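For reference, the chain that follows is the form predicted on its own, supplied as structure tokens.
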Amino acid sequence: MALKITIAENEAEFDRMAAWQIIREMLVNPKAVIGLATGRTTKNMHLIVGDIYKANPFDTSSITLFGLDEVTNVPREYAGACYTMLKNEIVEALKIKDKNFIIPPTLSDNFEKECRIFQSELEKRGGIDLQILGLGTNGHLGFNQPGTPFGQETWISKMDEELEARIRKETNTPPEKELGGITLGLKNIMHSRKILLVAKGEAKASIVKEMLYGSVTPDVPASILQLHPNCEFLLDREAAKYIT
């Protein structure tokens, strides 16, 4: 199966192309269920989606947006919480109703139950029409770190040590409180009808090559996307430097 790889000439073109993929899905399917990822790669594309909508408003009353993952045991108001980032970057700009913005809570007495609720909410809406994915430098998708089984459904994962240390410092979280992340599992991701994997910057170049042309292995979670029948890989020139 040939992989669909799109290479943008620069970061600005990359952000515009990704933004229009989201806009297009909403226009074609007014009841679309769209999964979003957070981080440096996706922030600007989210802001551009809001700008396009502001200039050309359309009905978003039946659109569902959801976050791919969420940090656990931090305040929801924390700037690094996925809820806060998505609210500020795209959800409010598109005037998405609260009931149509689905993301697990950051605080709960029963995170395993929250995983089931999160997955059930997406299933009740007919599943995922478009899932946007960022790419970790070790090949992770969401909080699905290397070694995550391909059959894994929504679960609570440990985060990498560097990210955990930063979040603990920013939130003053004591060592005895466990930090982790609720995330859609790789099985859930692969059930998406369409996937857009976005990666930019030279720091992602090596893992991009491994993801696209290496073995399909849990050691590189993103490598499973080679098997998805409708996945597009959007890269900028720096991230694509090892693509022949």
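Just so we're clear, the structure is a prediction, and the values are computed from it rather than from any experiment. One rule holds for the numbers: they count along the sequence shown, beginning at 1.
The same protein has a further form, the form predicted together with a small molecule, not shown here; the description that follows concerns it.
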query: Would Met26, His46 and Leu86 all count as contacting the small molecule in the predicted bound form, using a 4.5 Å heavy atom cut-off?
result: no
task: Consider Gly142 of the chain shown here, and say whether it contacts the small molecule in the predicted bound form, taking contact as heavy atoms within 4.5 Å.
output: yes
query: Taking 4.5 angstroms as the cut-off for heavy atoms, does Leu68 touch the small molecule in the predicted bound form?
result: yes
query: Would Asn188 count as touching the small molecule in the predicted bound form under a 4.5 Å heavy atom rule?
result: no
4.5 Å heavy atom contact, Arg40 and the small molecule in the predicted bound form: yes
- line: Answer key: of Ile102, Ile156, Leu163, Ile117, within 4.5 Å of the small molecule in the predicted bound form (heavy atoms) is Leu163
query: Only one of 147-155, 103-111, 118-126, 134-142 gets a heavy atom within 4.5 Å of the small molecule in the predicted bound form; which is it?
result: 134-142
